[in-house]
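This document starts with one chain, in the form predicted alone, laid out as structure tokens.
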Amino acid sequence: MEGIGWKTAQIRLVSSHPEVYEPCDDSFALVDALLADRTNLLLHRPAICLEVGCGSGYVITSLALMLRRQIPSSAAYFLATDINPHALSVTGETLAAHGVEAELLLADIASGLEDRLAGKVDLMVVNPPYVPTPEDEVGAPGIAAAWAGGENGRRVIDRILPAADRLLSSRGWLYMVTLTANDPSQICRLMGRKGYASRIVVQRSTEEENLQIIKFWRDADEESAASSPTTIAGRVIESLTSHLPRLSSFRGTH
């Protein structure tokens, strides 16, 4: 594998399983956001990187490639969780196919990791179940858990936010996929009350979804000193999402 100049995971090497969500528009948008912010990430040199809900392993593999190939001396430690055991198997195969490693844990969000990782995660990435669905579909067995978000698609997101606040270090960054129907401006206001600034790194519209990849960081972080007023929690998102139509229907995957 040495000498291969991959910056992100190769789709042909991403493993699959009928009960595991495959890389799609939201996965690609999240990785594109990491690529768009790659200069900052390389300067940030995160020591502990965590993906919540790793699915196929496309995102955590891309992140590992991005950091380890660009910073050969990096001592970054990678972890990924998923509530679906099939996803962990698939992620392991995807990582191995690309010659990178991560610790894989069967967990609901980051349950069981709070004591071990509290205040230690420098980089967290999440493509949460964000599709509005009936409440009883949230946490359903198998692949449905990958997209079912309950009312407004916020049921799982609203559990992830306080978990992220507990896990992130004083210099921690969070990148999260949201949908217009999730009310991302409100999400930013909630995080703002906890001391986080935010900005949209990537916004993408498809025939079925309007996606925003939001980056959150603590106001004391070095990035805040260089941020413009549009990075203050929620302002840029309110201005952007106010022009995006609400979706009347959603696809069966997220």
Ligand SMILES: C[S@@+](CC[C@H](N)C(=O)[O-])C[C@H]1O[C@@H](n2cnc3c(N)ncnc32)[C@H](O)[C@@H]1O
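We number the residues from 1 along the sequence you see. Not measured: the values here are computed from a predicted model.
What comes next is about the form predicted in complex with the ligand, which is not displayed.
Although the partner is absent from the chain shown here, none of Thr8, Asp37 and Asp122 has a heavy atom within 4.5 Å of the ligand in the predicted complex. Remark: Val59 counts among the residues lining the ligand in the predicted complex, judged by a heavy atom distance of 4.5 Å or less. By the criterion of a heavy atom within 4.5 Å, Leu50 is excluded from the residues contacting the ligand in the predicted complex. For Asn182, no non-hydrogen atom is located within 4.5 Å of the ligand in the predicted complex, even though that partner is not displayed. Not displayed here, the ligand is kept clear of Asn210 by more than 4.5 Å at the level of heavy atoms in the predicted complex.
In summary, the region of this chain contacting the ligand in the predicted complex, judged by heavy atoms within 4.5 Å and restricted to 113-121, 76-84, 95-103, 161-169, corresponds to 76-84. Within 4.5 angstroms of the ligand in the predicted complex, the stretch 107-146 places a non-hydrogen atom from each of Ala107, Asp108, Ile109, Asn127, Pro128, Pro129, Ala145, Ala146, taken in sequence order.
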